[in-house]
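Only one chain is given next, in structure tokens, and it is the form predicted alone.
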């Protein structure tokens, strides 16, 4: 059997190789790099195909496909969300993604995205806060100290200058885990016994809980003037974190309204409740924080363009020499019309 041709080979970045890439670049520079890619794509938002992600829901979780294209490259991410997985020693969220050349339809990158999604989610949150949070914000509360919490802390430290993190989770072991992981990262850490304690003095409040249910992580009386809310956990129908009254007092910013109205915090509001698309703020077409005493809410559910940006960032690293494997993924017969003959010549039939 002959060796596969170069056209049959697709670069693949494994989990080990993604960890090596993060180690080589450095976590903070990589968060900045991802944020820069996402910001650049937000500025050309109108060029992209946009559709709500395709979701298959069950009682215990969701499996989703997230596609988009800018006309030159096509990308999609496969991702799941299964909160009960941790009881089996499994990740709540796993993912992989693919980029392809629109001109030929040929894949040009396959990559793990469990780690990459954690990075791009945090980078997007911090990018939004750069436009929406109080300018002098130095203290952030993180409610929900699972797998995403440390990434949020590092991104906000890197991009927004946060110096103090107040941590709370209903599971004290999760908070201890998070604090231990962040112990040597130059942050002042406060471990809190309640969510109410965590938000005291915080100018930014991040909620990133995992349960697939309507929840009230923040009640109305917990959110005062001049605060930015970064709501990360609500990301599918029937899953929320904030009391409806908080939404009614907030200026709300979203990624893609047709998806966020189904999956985000604003699923609790009327279908015509006014929101601002974040890309418009980034592109200078809409205001971000208008009033120092106002409440801004980034109703983050994650959108395919952010994953496209992250995959392109990784592809650029691969083209610059980052470690990857080459997978024999594409049949490449001598005559493109003779696929059966390829089997014959290989002795497969």
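Positions refer to the first chain, counted from 1. Source: prediction; values computed, not measured.
Form predicted together with a further copy of the same chain: not shown, discussed below.
For the chain shown alone, residue 78 is a contact residue for a further copy of the same chain in the predicted complex, at least one non-hydrogen atom being within 4.5 angstroms.
a further copy of the same chain is not shown here, but in the predicted complex it comes within 4.5 Å of a heavy atom of residue 105.
a further copy of the same chain in the predicted complex comes within 4.5 Å of a heavy atom belonging to residue 151. With a 4.5 Å cutoff on heavy atoms, residue 33 does not count as touching a further copy of the same chain in the predicted complex; it lies far away.
Stretch-level contact check against a further copy of the same chain in the predicted complex with heavy atoms at 4.5 Å: of 264-272, 220-228, 246-254, 79-87, the positive one is 79-87. Checked against a further copy of the same chain in the predicted complex, the candidates 40, 47, 65, 293 yield a single residue with a heavy atom inside 4.5 Å, and that residue is 65. Checked against a further copy of the same chain in the predicted complex, the residues 95, 199, 160, 232 give one hit for a heavy atom within 4.5 Å, which is 95. If you take 134-150 and check each residue for a heavy atom within 4.5 Å of a further copy of the same chain in the predicted complex, you get 146, 147, 150, in sequence order.
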